[in-house]
Every structure is written in C-alpha cells, then in structure tokens.
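Okay, here we've got a single chain as structure tokens, the form predicted alone, with questions on binding and movement later.
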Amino acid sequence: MSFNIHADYDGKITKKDLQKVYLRSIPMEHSWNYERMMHSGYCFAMLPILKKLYPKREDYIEAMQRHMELYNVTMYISTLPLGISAAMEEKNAEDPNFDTSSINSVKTAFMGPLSGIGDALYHGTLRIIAMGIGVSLAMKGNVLGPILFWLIFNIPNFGVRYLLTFLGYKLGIESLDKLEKSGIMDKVMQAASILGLVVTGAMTAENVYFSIPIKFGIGSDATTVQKILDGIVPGIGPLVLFGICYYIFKKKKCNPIVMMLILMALGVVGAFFGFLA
C-alpha cells in the first residue's frame, strides 16, 4: 500500500480535517476516567469529522454516541484508530446500508494489540532511553538534561502521531474499498465484531480478579473454595462477578461510580473478615 500524506483526498474528508483530528488527539488522556477511560477524548478528536459528515442533527448525535463507548489505547498512537474511524464514518455517510456497529468493533479489535505495541515502544523503550540520557546529564548539573529528555521523547511522539493520523485514514479507505469490491465486507465486519468481543472478554479475565480463601478440611488435606472453583472452570469467579455487574448496569441502570464504590467496600469487608482475598 503506497502512503503519501500529500496525496489528493477524493472524499469529503480533507487533509486539513485530519490535521484537526491530530491536534485534538493531543489532550486525549486529560479526560481519562475509570468509567469509560478515554471515550470523551476520542469523541472530542472525532468532532471535526463528524460535524462535516453529518449535517443532520440526529445523525450527528448518533455518531457522537458511537464514539462515547469505552475505549482505551496508548495515547501516542491513538491517531491510527482515529484515522480508521474517520474513514469508516465517511463510508457510512456515503452508504446507507453500512453497518455502523462495525465502527466500534474495529476500534475494539485494535485496542489490545495497539496498546501492547504502544506501551512497549513508548513506555518500555523510548521513555527509558530519554530518561537515561536526561537524568545522567541533569545529575551533573547540565541544563541540557531535561531539554534532551523532552526532545528525545516528544519528537518521535508528535511526529509518529501526526503520520499515523493519515496512515490510519488511508488504510481505512483502501481497505474498505477493496473489501467492498471483493464482496466479503459482511464477513470481515462479522469477524471484526467477534474479535472485538474476544478482546473485551480477555480484558475482563485480565483485570477482574479475586479469590475465596475459605478452607474445607484439616491440615494438609484442607482445600479452599477457590481451588474447587478453579477445578471446575478456571476464572469462573471473575466471570460471575462480571455477569452480575453487567446485569445491574443493563437492568437497574446503576451508576458506574456507585458500582465501583460498592465493589471497593465489598473488597475491604471481604478481606477484613477473610472470605475474600
């Protein structure tokens, strides 16, 4: 796939529009929260695109709601999924039969892999290199220490982020055109939906954990409730807890902050009395 950010843009979205997305992506993590993570920052970055593509107020509101779902990715490469989302929104504005659910499915599918790559490159590599050079100079009283740290980390950060905005858009446009011409668009979107659900399930298993240390038996023959549960289905505890929380959110319309406080209180009480660990 050839890539040139100065190439002509044949659709409604222009290079200037994508530059606005890039600039709006910079403060994306400033509104990060425990309810939906960087959803509001993502939506804020997409607003110039959505305003241009959806002149009707109802369509504009619906598009904003799509990008207010839970989302989290390493912010330094967040413009890649933003560019892809822009391309998909443009396709949706042109095609009345476009499956809008595929937009969030593709975003979710990219969330895990991109975060793994981004965290390794920026947090695990570039930041360490920049810090090593900056701190070594600063400890010697050299004013270049903090300056070099800022430059070494941020020049690749902002440069790569800028290029990924256009790469994501071009990737989305060319991929969607090829899929549509080949006639396998529906199958690919279904696969993206499945992958998105798999990523969500993996996040649940990775981030939700507790154990029940209550023992049965005496001495070396004693076993815990947790071992029994793991013998039946590993991870069944977090799965059940997730199911209960999901049911309460779906049916009872509980506020996520209230749910967090309830779970926090349950964890403290359970640890104090010994039935949770």
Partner chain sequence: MSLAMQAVLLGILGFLTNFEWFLGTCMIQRPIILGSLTGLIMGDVATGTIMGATMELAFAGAASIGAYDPPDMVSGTILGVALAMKAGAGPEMALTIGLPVASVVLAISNVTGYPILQLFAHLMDRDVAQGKDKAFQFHFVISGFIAWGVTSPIIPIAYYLGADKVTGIVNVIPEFVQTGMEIAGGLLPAMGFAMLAQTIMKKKLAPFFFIGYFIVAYSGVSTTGVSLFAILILAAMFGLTNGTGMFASSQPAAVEELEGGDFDEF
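Since the model is a prediction, treat every value here as computed from it, not as a measurement. Residue numbers count along the first chain shown, from 1. For clarity, a rigid core is taken as the largest C-alpha set superposing within 1.5 Å between two forms.
One more form of this protein exists, namely the form predicted together with the partner chain; it is left out here, but the text below deals with it.
- By the criterion of a heavy atom within 4.5 Å, residue 173 is excluded from the residues contacting the partner chain in the model of the complex.
- None of the heavy atoms of residue 156 is located within 4.5 Å of the partner chain in the model of the complex.
- The partner chain is not shown here, and in the model of the complex it never comes within 4.5 Å of any heavy atom of residue 102.
- Interface membership of residue 134, defined by any non-hydrogen atom within 4.5 Å of the partner chain in the model of the complex, is confirmed.
- Along 124-150, a non-hydrogen atom within 4.5 Å of the partner chain in the model of the complex is carried by 127, 131, 134, 135, 138, 139, 140, 141, 142, 143, 145, 146, 149, 150, in order along the sequence.
- Relative to the superposed rigid core, residue 206 undergoes a CA displacement of at least 2 Å between this form and the one not shown.
- After superposition on the rigid core, the Cα atom of residue 59 is displaced by less than 2 Å between this form and the one not shown.
- The distance between the CA atoms of residue 123 and residue 206 is at least 3 Å shorter in the model of the complex than in the form shown here.
- Cα-Cα spacing of residue 121 to residue 205 is reduced in the model of the complex versus the present form (difference of at least 3 Å).
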